[in-house]
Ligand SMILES: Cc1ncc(COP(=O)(O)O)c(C=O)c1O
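Have a look below at one chain only, the form predicted alone, in structure tokens format.
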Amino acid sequence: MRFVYLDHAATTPTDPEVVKEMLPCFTESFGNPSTLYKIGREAKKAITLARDKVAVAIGAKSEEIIFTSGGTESDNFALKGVAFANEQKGKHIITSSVEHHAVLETCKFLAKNGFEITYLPVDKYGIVDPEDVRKAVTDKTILVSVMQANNEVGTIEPIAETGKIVKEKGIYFHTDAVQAIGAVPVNVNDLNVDLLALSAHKFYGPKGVGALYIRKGTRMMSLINGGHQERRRRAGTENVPGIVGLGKAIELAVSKMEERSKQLTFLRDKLINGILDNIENVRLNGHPEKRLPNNANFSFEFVEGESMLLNLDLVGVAVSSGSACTSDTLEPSHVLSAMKVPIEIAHGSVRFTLGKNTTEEDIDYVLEVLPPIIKKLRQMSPLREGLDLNV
């Protein structure tokens, strides 16, 4: 049976070139980077090289890159680190209602610890209006956090415009760029951000490693205390193989971004047009143009998303109903809810996210097997009355 993997927003396969780069760190240059003998120095040198690669990829300085365990830790570090280090200036934080749970749950934690959180609304496409950010700022605001690209519906936010407003106000600005790296241009200076989170396994690197960009001069409190690693920002022996893999992965992702983006956009649009043209009562979620080149999120009326996922899995197609971090919950997507998608429609949502190995034949296969699945499920649906089940 054919296998078609279309859940690259959840995770990507590690690129063979990345694996090759990592292998010596397990068996040869396996030393502790904090030691002074040869294999320790080799490990430290490998980390330095990887740090340089990340910095170049996002337009930062090497000393502004801190390695973490992934996007979730990076987001936690950014929000908590700034909040607790600057609470004497104010305890107000602004974010959006469509952020990843790594940001939203951290904001809930901060709210329980005396901080005031403002959750900005979005339009029907999931876009945060920069002017809403301006209006929400008070003399107690210390941090704004808006993601660069949404992990569920693929909408790309106007981060540069928002960052310009935040910068004028003299407030720290954080963006979760986990889905953006390797898909769209990411430059910390063009975006006007002070903190930026990324995760290796979203762009063909290993799981369990990420990075946080911290602009020089940003007042931060460390979350993990202990040794002097990562310029005393994050204690603990470094994950050398993971960091080396991250460095190689981001180098490849950026160098091949333009070529991959063009191909993915073509395949994405073929998928979108094929579904909208051949299945009725379907809506495309997210902005029709300002979206990630690999993301297509749909709501199929009169069908449950989980049933679609299971039926697609039976024919070898792997997709998701939203964020992989919330796949075990029956609650409707908070992103779709914020976009005012009715609950009964939001429950019938599926996210297709393509990758560098996706082929046109893969898309043709999905367009072949999906309509019969939708038809079958709608025939079983108690909401099917009045629906033409031939499409």
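From 1 onward, residues are counted along the sequence shown. Not measured: the values here are computed from a predicted model.
Not on display, but discussed next: the form predicted in complex with this ligand.
> Taking Gln88, Asp194 and Arg233 as a possible spot, do all three reach this ligand in the predicted complex with a heavy atom inside 4.5 Å?
Replying inline: Contact check failed for every one of Gln88, Asp194 and Arg233.
> With the partner removed from view, which of 66 to 74, 331 to 339, 40 to 48, 353 to 361 is the stretch that lies within 4.5 Å of this ligand in the predicted complex, judged by heavy atom distances?
Replying inline: One stretch meets the cut-off, namely 66 to 74.
> in the predicted complex, which of the listed residues (Val178, Val244, Leu252, Val186) lies with a heavy atom within 4.5 Å of this ligand?
Replying inline: Contact with this ligand in the predicted complex is made by Val178 alone.
>> Under a 4.5 angstroms heavy atom criterion, identify the one residue in Val240, Val317, Leu143, Ala102 near this ligand in the predicted complex.
In response: For this set of options, the contacting one is Ala102.
> Might Lys202 be said to contact this ligand in the predicted complex, defining contact as any heavy atom within 4.5 Å?
Replying inline: Within the cut-off, so yes.
> Might Asn151 be said to contact this ligand in the predicted complex, defining contact as any heavy atom within 4.5 Å?
Replying inline: It does: once this ligand is placed as it appears in the predicted complex, Asn151 has a heavy atom within 4.5 Å of it.
> Closest heavy atom of Met147 to this ligand in the predicted complex, within 4.5 Å or not?
Replying inline: The answer is yes: Met147 has a heavy atom within 4.5 Å of this ligand.
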